[in-house]
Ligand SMILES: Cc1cc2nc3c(=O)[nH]c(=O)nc-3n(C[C@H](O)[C@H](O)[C@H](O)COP(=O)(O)OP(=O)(O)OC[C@H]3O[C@@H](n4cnc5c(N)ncnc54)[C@H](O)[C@@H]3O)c2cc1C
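Consider the single chain below, provided in structure tokens and representing the form predicted alone.
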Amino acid sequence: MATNRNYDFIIAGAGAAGLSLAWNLLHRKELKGRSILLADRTLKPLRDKTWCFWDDSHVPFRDLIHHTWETLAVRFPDAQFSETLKTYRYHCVRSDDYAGKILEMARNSPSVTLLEADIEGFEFKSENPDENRGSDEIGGSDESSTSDEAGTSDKKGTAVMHSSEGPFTAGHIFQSALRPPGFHQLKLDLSLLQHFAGWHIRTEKEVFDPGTATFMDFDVPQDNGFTFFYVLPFSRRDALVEYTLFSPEVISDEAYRQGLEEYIEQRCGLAPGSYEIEYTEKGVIPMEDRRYPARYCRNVWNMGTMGGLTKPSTGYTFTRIQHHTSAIADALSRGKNPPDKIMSPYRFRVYDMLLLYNLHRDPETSVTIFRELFRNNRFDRILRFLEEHTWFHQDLRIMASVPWMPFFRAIYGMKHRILTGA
């Protein structure tokens, strides 16, 4: 149990976002000696997630990349495309490797205290109650009240984390554990769940190509929503096979099992019993047009999925987390407040909204959109677009390569959001 109750920084949540921020804070020489509390219900590394990404410029440890693929393949009922990447490489990191490395570093640092506890809530306590009035409102005056100098407008008080081990205070708290107050009152028109189950399987036969990842395989039934599989081969005898759906509700464990067994048998030629399941993973990612606030309350910043870092149309979060946590550490090391602007630029929010509209309304047409996207564009260009690193004229070229009518319908259906800043 942590005996100290006050810290310079509290990181609440030890997932990808919290761990990435811990690494960044520990690697800024300007922040050397600052006290850090890292808290979560459990601080034991778990092998329950595989994070995939293609931009490794902000990855803390390149030696933690479990496998890299130079070639990606996509499959549709009537077409297949495969391409060796020129600019990017497709990488994966296992959650237990990532957590184990950073938690070990944290345990060996005299600046870090680890706390296993349930995180119950946050608040800001001002020395002057009048200054704190309205600070907890979502979308309120937080952004306008923030000075460029860290703590200039916020230093007349302290941020509090309430936990099962009691309260802890800090000048800055960064949380990825709880939905912010007023979450359900935030404007929402489109909401899907990206839910998935994956098996890491090992076989006696050599059936996989470790140089090629199946990025998306849409040649599967679309009965339960927008559906695809992906296959990440680590060697000729082992791979992660993931069953992914975009739908309003998750399916049963039995449906996941049946879908994975059928896919592995039909696509890989492996009947049940001819392979071993080394581990399983399962998850749910919200895919929605809700605009998440940058702060939970004054001096408490949201991160990860709770900070709106998940890209609404794809679910990719890992690289965006790396950029965000690096920006937080950079700001703090310069004596500035963390950035409040963490959302995608307006045009990319519109693109996400239009695609999400189609994924929700018409999964079959969405498969056609993806087929034409991959048919008419190099894979590197698509990945750069998904990473939001393209210029507008490049966006137009990509949009001209896919069917227009579904997007015209989406524009009409979402015009009230598009005209008010998405």
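All residue numbers refer to positions in the sequence shown, first residue = 1. Quick caveat: nothing in here was measured; it's all calculated off a predicted structure.
Here the subject shifts to the form predicted together with the named molecule, a form of this protein not shown in this document.
If contact means any heavy atom within 4.5 Å, which of 29-37, 362-370, 61-69, 47-55 contacts the named molecule in the predicted complex? Contact criterion met by 47-55 only.
Could you confirm whether Glu281 comes within 4.5 Å of the named molecule in the predicted complex, counting heavy atoms only? Glu281: contacts the named molecule in the predicted complex.
Is there a heavy atom of Ile285 lying 4.5 Å or less from a heavy atom of the named molecule in the predicted complex? Judged by the heavy-atom cut-off of 4.5 Å, Ile285 is in contact with the named molecule in the predicted complex.
Wondering, does Leu332 line up within 4.5 Å of the named molecule in the predicted complex on heavy atoms? Although the named molecule is absent here, Leu332 would stay clear of it in the predicted complex, with no heavy atoms inside 4.5 Å.
Contact of Ile10 with the named molecule in the predicted complex (heavy atom, 4.5 Å): Taking the distances in the predicted complex, the answer for Ile10 is no, it never comes within 4.5 Å of the named molecule.
Give me the residue from Ile173, Ile321, Ile264, Ile328 that has a heavy atom within 4.5 Å of the named molecule in the predicted complex. Only one option qualifies, and that one is Ile321.
Which one of Tyr292, Phe196, Phe228, Tyr275 is close to the named molecule in the predicted complex, taking close to mean a heavy atom within 4.5 Å? If I apply the 4.5 Å criterion carefully, the residue I get is Phe196.
Indicate whether the candidate residues Ala14, Asp118 and Ala177 are all in contact with the named molecule in the predicted complex, with contact defined as any heavy atom within 4.5 Å. Affirmative, all three are within 4.5 Å.
Listed by sequence position, which residues of 383-422 have a non-hydrogen atom within 4.5 angstroms of the named molecule in the predicted complex? Contacts from 383-422: none.
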